[in-house]
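Next up is one chain by itself, shown in structure tokens, the form predicted on its own.
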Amino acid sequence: MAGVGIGELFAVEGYGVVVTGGASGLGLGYGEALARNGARVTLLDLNRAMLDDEVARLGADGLDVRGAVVDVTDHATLDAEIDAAAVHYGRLDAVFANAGIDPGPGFLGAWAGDERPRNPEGVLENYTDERWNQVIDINLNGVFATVRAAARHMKKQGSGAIIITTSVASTQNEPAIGAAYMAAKAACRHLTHSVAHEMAAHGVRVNAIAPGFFATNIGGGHAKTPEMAEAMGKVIPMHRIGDPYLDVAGLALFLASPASRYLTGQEIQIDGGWALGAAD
């Protein structure tokens, strides 16, 4: 690739791409970024109404985007839809294992003046099996099943990029967030390492995007409120929360394209410096 221009480095035109959790938030940002650069994208999501709306919106812009309703805990259906996308495109170049859910509250509540009260709903002894299992089943097992389905195609073709959505919570604790979330995201981080190690010999790159605080629909969309934006802007060094398209499009394109051809097994934080601590 000596002497290639910037356009060739980031070229994804004609790529076959699948994104789970693709009807909103970061997943939609990933999918739209790839589609606007010429990729053919399948968005998988549980929310049919939102999926239909976004496929129609992107299609109206002349983008090659299709959608399918999938619950990532239904591994048979997930396999079938990823297989169908690979057949439809004749190739599978990039898969974003992104679908996830809010974990509910942790053992500490929001700041009240100079204090942060304990939250009985989130303490360990009140953490139900149902709540734990749901978060692990979607945020970890669903990622595993997505990566496994992608591997079946990419190993055979000898190329591809798998991108897993982890979180800054994969390496740092946040007591306002339910413990299952940290466990799932930390496991996804190490899964990235393990799968990257295995797939490197097959020409497949496996990396992770670790977002900080973004304005998405997770947790009922609380991150989109002006109050939350103001509060988080005080502790994030860049003084704002992330935009789920503008602030992830470049990284998604980089990890899916030949620009990252020698990068694998890495988790890249994208958080406006949040993990560094407040700076002002």
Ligand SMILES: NC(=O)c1ccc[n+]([C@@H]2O[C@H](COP(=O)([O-])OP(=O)(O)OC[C@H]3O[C@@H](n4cnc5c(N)ncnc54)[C@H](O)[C@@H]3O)[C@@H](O)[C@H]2O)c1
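Bear in mind that the values here come from a model prediction, so they are computed numbers and not experimental data. One rule holds for the numbers: they count along the sequence shown, beginning at 1.
In what follows, reference is made to the form predicted in complex with this ligand, a form of this protein that is not presented.
This chain is displayed alone, yet in the predicted bound form one of 138, 199, 86, 149 has a heavy atom within 4.5 Å of this ligand; that residue is 138.
Highlighted residues 77, 153 and 160: none comes within 4.5 Å of this ligand in the predicted bound form, counting any heavy atom.
Using a 4.5 angstroms limit between non-hydrogen atoms, residue 25 touches this ligand in the predicted bound form.
In the predicted bound form, this ligand lies within 4.5 Å of some heavy atom of residue 70. Taking the partner from the other structure, this ligand in the predicted bound form has no heavy atom within 4.5 Å of any heavy atom of residue 192. This ligand in the predicted bound form is not approached by residue 37, whose heavy atoms all lie more than 4.5 angstroms from it. In summary, the region of this chain contacting this ligand in the predicted bound form, judged by heavy atoms within 4.5 Å and restricted to 165 to 173, 117 to 125, 200 to 208, 86 to 94, corresponds to 165 to 173. If you take 199 to 215 and check each residue for a heavy atom within 4.5 Å of this ligand in the predicted bound form, you get 211, 212, 213, 214, in sequence order.
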